[in-house]
Structure formats: structure tokens, C-alpha cells
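Take a look at this single chain, the form predicted on its own, given in C-alpha cells.
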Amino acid sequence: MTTDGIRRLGIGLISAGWMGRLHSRAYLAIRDKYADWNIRPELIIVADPVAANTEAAQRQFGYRETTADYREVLAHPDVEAVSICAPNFLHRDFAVAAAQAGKPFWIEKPMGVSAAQSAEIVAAADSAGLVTGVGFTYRHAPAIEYAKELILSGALGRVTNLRCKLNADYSADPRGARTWRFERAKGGSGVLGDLLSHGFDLAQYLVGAPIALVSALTDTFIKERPLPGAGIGHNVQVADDAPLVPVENEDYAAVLARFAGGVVGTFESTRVGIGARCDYGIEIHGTAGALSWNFERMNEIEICSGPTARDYGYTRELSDARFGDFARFQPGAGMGLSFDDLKVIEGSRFVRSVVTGKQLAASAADALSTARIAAAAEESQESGAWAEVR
């Protein structure tokens, strides 16, 4: 609906946990950071089976209505786009239902618990002719957008190889609860889907070519965890006498990859890496230069490029107005953006995709691509041979 030159976009939210709250904050921030677009997301209705979550979302963000049934979100006449922030095992059912209801959706990754589920989601969205958005947050860092421009300009020459890492310690405690994330049927793969999907997307986005072949090694270092007790989401408690049950997906993955066009890459990820907090980064090398970026210092990038690149090595550049959407958030170089700000940028791409009908956001097809890479990595782990990304 458009009034007074402002395009108002009705938003529905499915699942109001931590990520759902983050989506909500992003929609509200778009009104400010992208005011010149004259697009105003309006928070219409939030669904969650936990009443405390919907009550908090209504109180904090101003949703007009609440419900325990996601189908009421999809049937609401004022809802024009939907955020799906539920656990992985619910993604396929919610996304397919959204597509069948004709509602464009912004969904978190992994998009399904398997490549097959992700393919069903893409097929449903394509059949309905919908734009989509997927939570590949790191590609929206202003420094990454600048890196993309450098690569496209030829500043690195011909890209030859890259190294990507996504190492974290969020599951390093062996007494951490065996929540749904560690169950194959509910979480899907472990770090291949949870973390390396980001790495696969980031690498393909920057290189501009898909991964075609992989050779992989995975392992599960903490093989049993205690059953969860009271609490939900990130606040699950574990009783001292809780029984131990098997972990069903991988804690660690290493992937050697060859891209279409010849670029080679290495990927490594762990969720149990003591000492690694959010050690997410990528290095890209070319015949005339190189660059390096790490999420723990996301507002800067190291670049080695130019006529004398071989003589001086990397130099550090701080984010400024040249870098992506940086100037929408900060007035001067060196002032930092946050993870939440990246989600605002991500949400803005989705919102504009919905309003214009053009696919500007990272899409469900991008998420399917990373799911197929993860599936090929699992195939390689099982066979001990290279696997083709189908």
C-alpha cells in the first residue's frame, strides 16, 4: 500500500526467538537507514508457539497482532512478506506454505535439513514467481562489498585461490545441551550447514563462480552430550544428572574445492574450537594482488594490490564511504558497524526485492547452491573420493 509517497510493506514474522527479534529490529531500522527509499516496513503479526515470545515481540517492536499458529500469518490480508526464523527442521514446511500463499519470504540458513528440502523450497518459490531472501549475513559487510568491487575491477588480476575459515567455540563445552542442532533429523548437518554454508556463499559471491568439485574430511569430536532440561532457545539448562546421548552431526569439516573456471579453495570450520570466538574470514589471492578479511575485525580489510604490491605486502584499510552501504550507518572512516547492522543491510535487500519484484537479495537459489555443496562434501567424506556438486 502506498500513501503520501511512502510504500508501506506489511510484515509477518514466524518464530520470535533471538533471530526473529533480530529480523524485527532490522525492519524497523530500514525506515531510518534507508529513508530515501520511501519504503516503510509495518510489523503486522508475529507467530510463535511460546506465548512469552510473541508477547515480548509485540511489546518491544509493536506487532499489531500475535498468534501461536503460523498459518494465521500466511493468511493475514495485510501481510505482504514473511520472515521465517524457526528451527531448521521447520523451514521446509513454513517456506513451502509461504510460497503457496503467495508471500515472499526471508529465511535463515540452512534453508532445509537437506539439499532435497532446499530444492523443494526453491521449486515452490519459483512456481509462485516470488522473490526471496536468505540470511547470508557476511556478504553484506561493507568491507566485503569493497572486496567484491576490487575483484571485479581486476585489481587482484586473475583470481587463483582462496582460503576460508569459520571457526567458533560456541559448542566447545562438552556439557552443553544436546539440543535439536545436534540431531540429524532436526538440524541436518553440523558445521557444514550451520557455518560453512556462509563460507561457500561468501566465496562464490566474491569469486563470481560456483564450486564444482569437493574433497572433504569431517569428524565429531564431542560424541555425546547431555539431554536438555528447562529453558528454550539459547537459555536451555542442563541438569547435573542429565543422561548423555549421541551427537548425530559433525563438529568439524575441512573441504578442498575447485570452482568452475579453475579457482581452487580450502574451507575449514569447527564449532568446538577452543580459543576461536567468531574467527570467520576469507583470503583471496590473484595474479596481481590479494586481500584478507576477518569478521572479528569486520570493519577493516587487508589489501595487497597495485604496481608495487610485491614489494610491500598487505596494508590495512578501514571502512569508509567507499565501502558498500557504510555511509548509511556511520559518518566517518574507522567507525564500526555491528552484526545487527549487517542484518539491516540484508533486510533492506529483501524489502527492496519485494517492492520492485527484482531479485536483489541473496536468494533461496543461493541457499540451495550451498546445500548442494554440503551434500557433496558429505558424499566425499563417505567415499573418500572427490565428489561433484550436482
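All residue numbers are counted from 1 along the displayed sequence. All of these numbers come straight from a predicted model, not from anything done at the bench.
Quick note: we don't show the form predicted together with a small molecule, though the next part is all about it.
- Just one listed stretch, out of 83-91, 206-214, 283-291, 113-121, contacts the small molecule in the predicted complex at the 4.5 Å heavy atom level, and that stretch is 83-91.
- Contact annotation: residue 48 falls within 4.5 Å of the small molecule in the predicted complex, judged by heavy atom distances.
- The closest non-hydrogen atom of residue 178 lies beyond 4.5 Å of the small molecule in the predicted complex.
- The small molecule in the predicted complex is not approached by residue 190, whose heavy atoms all lie more than 4.5 angstroms from it.
- Within 4.5 Å of some heavy atom of the small molecule in the predicted complex lies at least one heavy atom of residue 194.
- Residue in contact with the small molecule in the predicted complex (any heavy atom within 4.5 Å), chosen from 140, 198, 225, 103: 198.
- A single residue from the set 66, 53, 353, 363 has any heavy atom within 4.5 angstroms of the small molecule in the predicted complex; that residue is 53.
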